[in-house]
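Before any questions on binding or motion, here is one chain by itself as structure tokens, the form predicted alone.
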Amino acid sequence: MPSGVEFARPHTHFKCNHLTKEISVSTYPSLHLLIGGEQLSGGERKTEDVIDPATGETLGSVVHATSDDLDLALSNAAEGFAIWRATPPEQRSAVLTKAAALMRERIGVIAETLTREQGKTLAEAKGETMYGAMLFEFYAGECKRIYGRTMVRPAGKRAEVRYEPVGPVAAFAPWNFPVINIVRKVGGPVAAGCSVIVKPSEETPASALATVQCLLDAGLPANVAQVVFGVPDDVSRHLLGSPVIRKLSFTGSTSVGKHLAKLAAEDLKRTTMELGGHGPVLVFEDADIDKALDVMAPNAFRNAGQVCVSPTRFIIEEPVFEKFRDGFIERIKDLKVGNGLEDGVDMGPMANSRGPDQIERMVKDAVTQGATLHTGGERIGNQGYFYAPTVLSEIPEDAEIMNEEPFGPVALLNRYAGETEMIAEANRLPYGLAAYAWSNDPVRQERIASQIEAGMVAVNSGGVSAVDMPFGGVKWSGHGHEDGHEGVMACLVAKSVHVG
């Protein structure tokens, strides 16, 4: 370590009960592919273990699709598209509405399954499932709001713009929000009249299957929505190499997104890409500091920081830096870390073994370069993937953690001289997904909303997501949108019709 570097004494008293209480849980669901309504498993198909991130125990085995399975899914998707594009909007709406009702009825089972395979708290899992149901309901209404337009022309002539479904969609969803991401990947295409083949993460398969099953049980034709698993690169190359697929939808890292975009470009397939972020939080001297702390401190550790829109880089104006730093540490030092199924747990484990390894490496690099570690900075316990909520300050700009998304339970607090410098830091990185700002000056609020380079900006709020608002980023954080009216329009193509 560099000489002359001063380190604050880190707190080490995070409460962690994941080893002290036996939890009664239901049986983990059986896993399978879902192709043409058939549950396929067994045979010579390869399998992959699904691990409980709180205990490290094996929950079950997910089956990988063979090449023949993927061809069967493609054939079904083509047939399903022919059926579903001709289905009246009222019927598509009824299916989505019923699927939402089934998700609400099954929220207990879906949420528990989600927590067991992903790790987040049961309260967060229930909230995620409820959001999924609300999004299905919103998309149900959008089925009836796909409007074209008629242009003014001389008598005897007609010109109109129609919006038609783009075609079968190949969708790839990550493990951090295995219900919401599936609803986003499937709900928009279904509302637009498309069929979809979705590949959820192999680490969180059961909650994804349960979500799609709600659609099928609601009356969606079996070949309109299908679920496959497998080696990601193998599945993506197979599906995107087929002329059947007309659109790619992906949520995940920027590096993988670039790779998939290149594959899609070979056949000029349309793309929606929701990629990485590194959320800046601008805190100005005129802000309500206590409110900002009450909202943003817990928000930084939601889902153990494994949130694409997580607030990570706190850009704090100099006069209020120490107050904000001390208040932030005070609010998170007693967070209860443990198995997400336990009552009273504030933060569960990270979702896989890669998470603690990456955070440990990034934090060590930052401290070595001169950052101050205030709390956390260590793993918790000897089973599962627990990592303590961590706060760093005075982090050098060239530290890896200041430039690459940490995607874990760590908050980065730095001081800045004023608005110009703060905006420059917020826009410094090539990412532009979500950003947050705290100020009570209405003129500054508008200025910040205009100047921040991000697809979503929250002012005096910690929320950037709503079912009726577009969700997506700019720059290396991707393009296109999910949720809102835009989530359905992304699955439609415009057609100009001229009648002479």
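In this text, residue numbers run from 1 along the sequence as written. Small disclaimer: the values here were computed from a predicted structure and weren't measured.
Missing here is the form predicted together with a small molecule; even so, the following discussion is about that form.
- Lys120 falls outside the set of residues with a heavy atom inside 4.5 Å of the small molecule in the predicted bound form.
- Though the partner is left out of this view, Glu142 does not reach within 4.5 Å of the small molecule in the predicted bound form, counting heavy atoms only.
- The small molecule is not drawn, but in the predicted bound form it has no heavy atom within 4.5 Å of Gly327.
- Mapping the unseen interface onto this chain, Arg354 counts among the residues with a heavy atom inside 4.5 Å of the small molecule in the predicted bound form.
- Contact here is defined as any heavy atom lying within 4.5 Å of the small molecule in the predicted bound form, and by that definition each of Ser201, Thr251 and Leu260 is a contact residue.
- When you look in the predicted bound form, the only residue of Phe284, Phe172, Phe229, Phe386 with a non-hydrogen atom within 4.5 Å of the small molecule is Phe172.
- Note on the partner interface in the predicted bound form: the residue among Thr97, Thr372, Gln213, Gln358 having a heavy atom within 4.5 angstroms of the small molecule is Gln358.
- Proximity to the small molecule in the predicted bound form, taken as heavy atoms within 4.5 Å, picks out 399-407 from the listed stretches 399-407, 422-430, 158-166, 310-318.
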